[in-house]
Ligand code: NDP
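Take a look at this single chain in structure tokens; it is the form predicted on its own.
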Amino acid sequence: MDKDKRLTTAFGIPVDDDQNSRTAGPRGPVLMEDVHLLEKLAHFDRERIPERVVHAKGAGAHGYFEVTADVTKYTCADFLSQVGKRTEVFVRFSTVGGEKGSPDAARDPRGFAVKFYTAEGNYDFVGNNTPVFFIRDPLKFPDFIHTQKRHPATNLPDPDMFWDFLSLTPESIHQVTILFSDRGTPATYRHMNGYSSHTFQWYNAEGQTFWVQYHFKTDQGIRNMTREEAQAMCAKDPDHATRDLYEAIAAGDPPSWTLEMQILTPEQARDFKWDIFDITKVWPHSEVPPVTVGRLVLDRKPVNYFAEVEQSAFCPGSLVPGIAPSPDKMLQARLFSYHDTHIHRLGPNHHLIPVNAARNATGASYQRDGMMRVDDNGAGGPNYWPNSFGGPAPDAGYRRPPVKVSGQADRHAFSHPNDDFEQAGMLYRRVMSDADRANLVGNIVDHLSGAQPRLQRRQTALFYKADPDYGIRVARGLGLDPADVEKLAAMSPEERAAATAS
């Protein structure tokens, strides 16, 4: 037999029979000496790594990013340094709230994560298909996710949990409006945009800084599904988006996205109407026109799903020189939480897994040991700094520009003067068509009707505050009294909560 075709154990020992266990006689029992059987069972027992708490189900592909415009006046990031420069990437798309077996057509935000294998180390862009999010303080995040999961007693999705939290969190109204529009169910991963949502800082070679937001615009065009189409797809093909991405690339039809950036100078940001560090707000394009930067193309499908998609790990803290975080509270927490999650799921050396490892830069740190250390572990070199044995040294030339901070240490609420309802109302009135508004109201009524009437009243009052027509149409769809909804909308959040407490 060809040596390369021979079945072996994990350690290369030839296997003589993979159909019959070693037993004491034809009828057993099985012998402990059958190390091939024990190896197979032991590995099988451990084949499933912990599921992601969010973004559990996803699909991915390889490709490249190509710079199409000169942005060196904004950033000194090497991978953006020259028009025509290409950088290898890996992209993972995902649903957010559902489990790994949930349908691709579920009403849910979609994750949009890009790993750039740059010459200065890996840069991870970790975004969603919506430009805003439900909350703006990370202290609320675990509670929010709990309400999107399963009830602790019934183990079923629970509309009361879902709407109770959202109706007590007015800052969610913008994202709720997007989620329950048809944008809440993209037709495929190829037909949706990707957004940073967060603001980031870019800085150039002279140390000048800029505040930026990323927009990956699909070149295939936006396509969404109605509620009825999505429900039918969930029954027909729960994996339709995963299948579509794989088959499109296999057929030689690589999807692509155009990267556009919104950019503000510190001076422009200082006088900007909206709080640029509030993830529940957008920067209106009429006020900050996007500029085209480059093109993302996915042209190579995974060879093995587990190795490349399931084990891929993205962290918004993986930032290369020229790109830095902003004071956005949600982003600041994500800088810790993502890395901590990957250590839990994949181990302290997950950066050595091929899909996560730096490809165009050499990792040189003093982190050693730990489970699944698969390189030479630093050999005999020093594992401490400072040292005088030639170990890697910090390079002050890569220092980020300073960011001025001030204020008292306290638990501060957002204090920016504009409210949580204005942009949601603008979206409803100015952006949506009559058909969009009808579908939005129908989608909300379909889902909110499963919640208790008191929660329906409280949430509908928030829709009313965004736009009276919005609230009245939802109220009528639910059989609520519009006058009661208007009265609740005029109350303070505390009064509204008390009036709908039971």
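Since the model is a prediction, treat every value here as computed from it, not as a measurement. Just count from 1 along the sequence shown to find any residue number.
A second form of this protein, the form predicted in complex with this ligand, is not displayed here; the remarks below concern that form.
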Given that this ligand is not shown alongside this chain, does residue 345 nevertheless sit within 4.5 Å of it in the predicted bound form, heavy atom to heavy atom?
no
Within 4.5 Å, heavy atoms only: does residue 285 come near this ligand in the predicted bound form?
yes
Touches this ligand in the predicted bound form: residue 131 (any heavy atom, 4.5 Å):
yes
Counting only non-hydrogen atoms and a 4.5 angstroms cut-off, does residue 426 reach this ligand in the predicted bound form?
yes
Single option in 270, 416, 399, 430 placed near this ligand in the predicted bound form, where near means a heavy atom within 4.5 Å
430
Of 146, 217, 359, 223, the only residue with a heavy atom within 4.5 Å of this ligand in the predicted bound form is 217
When this ligand is placed as it is in the predicted bound form, are 439, 457 and 464 each within 4.5 Å of it, taking any non-hydrogen atom of the residue?
no
Of 175 to 183, 69 to 77, 335 to 343, 102 to 110, the segment with heavy atoms within 4.5 Å of this ligand in the predicted bound form is residues 175 to 183
Given a 4.5 Å distance limit between heavy atoms, list every residue of 249 to 267 close to this ligand in the predicted bound form, or none if there are none.
262
